[in-house]
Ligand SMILES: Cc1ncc(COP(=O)(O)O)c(C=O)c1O
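Here's a solo chain for you in structure tokens, the form predicted on its own.
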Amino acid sequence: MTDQTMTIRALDAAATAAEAYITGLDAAPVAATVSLADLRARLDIGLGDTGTAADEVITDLVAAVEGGITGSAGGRFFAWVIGGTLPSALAADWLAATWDQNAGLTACSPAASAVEEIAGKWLKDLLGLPAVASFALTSGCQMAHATCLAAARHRLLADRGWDVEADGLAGGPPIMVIANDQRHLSIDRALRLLGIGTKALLPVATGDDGRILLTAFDAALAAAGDRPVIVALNAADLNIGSCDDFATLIPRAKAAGAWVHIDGAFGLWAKASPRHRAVVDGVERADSWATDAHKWLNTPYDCGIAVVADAAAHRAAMTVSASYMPVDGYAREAVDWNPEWSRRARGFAVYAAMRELGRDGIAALVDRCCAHAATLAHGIAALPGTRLIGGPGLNQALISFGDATDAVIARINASGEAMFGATTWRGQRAMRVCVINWRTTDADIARAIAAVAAALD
């Protein structure tokens, strides 16, 4: 059997399994139905001395993980902010794996470089961000934060005469970070990765609407004194979809000399919707923005997006060079903007998704998810023994079932009809409602409400 034949047979086996998964999403349980112990037992068959035919490996793998794959690609998954995958993005991602391009350098793949350049241009335009801003496609919003905050670290310290890339942080001016107290912990971890540390972080109190209180914000800026400051704001928070008051906070932060960074993992996509963009009014005045394509754009995992208004600071924080790296001075070299050296060609899926939807389709996707989230949240809250305790804001809401919250969520998930996650918000246990999948329909929402009603019974 030739190499080509083996490859094609393995791809055929994968395509058959993928088709079965996609066509079965509507009928299959959303949550996993087998235990981790069962999955380990099925998979840990020992590494043999001799190899196994590629198509047999794929067939065996599919059988071994049966029941352990969640239905997050389907329309009834509401547990976390996990999007589905648009048809063109899925197909483009398959091709990215087939082409197996290293997107770190243009010389490695001119096509990957060009498609990423165009995708970045389209993204900035769609999200209303400065055309002159630099960007990077990262593994996710975690590394997008690290990329943006590395640029912030460079600029703030360089303006004070400190070369952090050469000299490190020890002995340099200490950076203070002011952030929303409802921030995602990926901000904290980015500070750890960058050596700034979480002790540098000052959480700022928020109101019941999840937005930073202006008096608390002004006090935090005053407390910073003459230290270099990064301000991290939410667009939107993962519990109730709350967006900070950018139009008010960003000018105040800039007047104090701070670098303003936006955690827009999913909420930044509201900029693409004429109906919802008012909630992020003024966000374009920030210095850097982090978001995900694998959330509201519905590309496959993984794909984060970092955008930095100060392109020089971004490049200075990331760029590397070596004699074996061919550069012509004309191409945009991704390695100059990205923390990864060898990297997947994520631009193909992003480009495909944006072309499939177009501006109107992306706006409609955002609008539809927000409408579904409101219908789902209010529909559940109308059931006996339930209470809407947060939102709906954009595509997020929180529902409480009192002391029975975790038990009710477990019963819903065990039914297979829908999948939700739990959280603790302002001291209360709650069920998170998140709608961000292009596949979600009115029927899916009705089915989920019925599943909650059955769990309550």
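Computed from a predicted model, the values in this text were never measured in an experiment. All residue numbers are counted from 1 along the displayed sequence.
Missing here is the form predicted together with the named molecule; even so, the following discussion is about that form.
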Candidate stretches 249 to 257, 360 to 368, 233 to 241, 153 to 161, one within 4.5 Å of the named molecule in the predicted bound form by heavy atom: 233 to 241
If the cut-off is 4.5 angstroms on heavy atoms, which of these, 186, 375, 206, 72, is the one near the named molecule in the predicted bound form? 186
May I ask you to choose, among 211, 343, 271, 295, the residue with a heavy atom within 4.5 Å of the named molecule in the predicted bound form? 295
Interface membership of residue 76, the named molecule in the predicted bound form, 4.5 Å heavy atom rule: no
Quick check on residue 314: any heavy atom within 4.5 Å of the named molecule in the predicted bound form? no
Examine residue 81 and determine whether its closest non-hydrogen atom to the named molecule in the predicted bound form is within 4.5 angstroms. yes
Mark residue 142 yes when one of its heavy atoms lies within 4.5 Å of a heavy atom of the named molecule in the predicted bound form, and no otherwise. yes
Need the contact residues for 263 to 279: heavy atom within 4.5 Å of the named molecule in the predicted bound form, sequence order, or none if there are none. 263, 265, 266
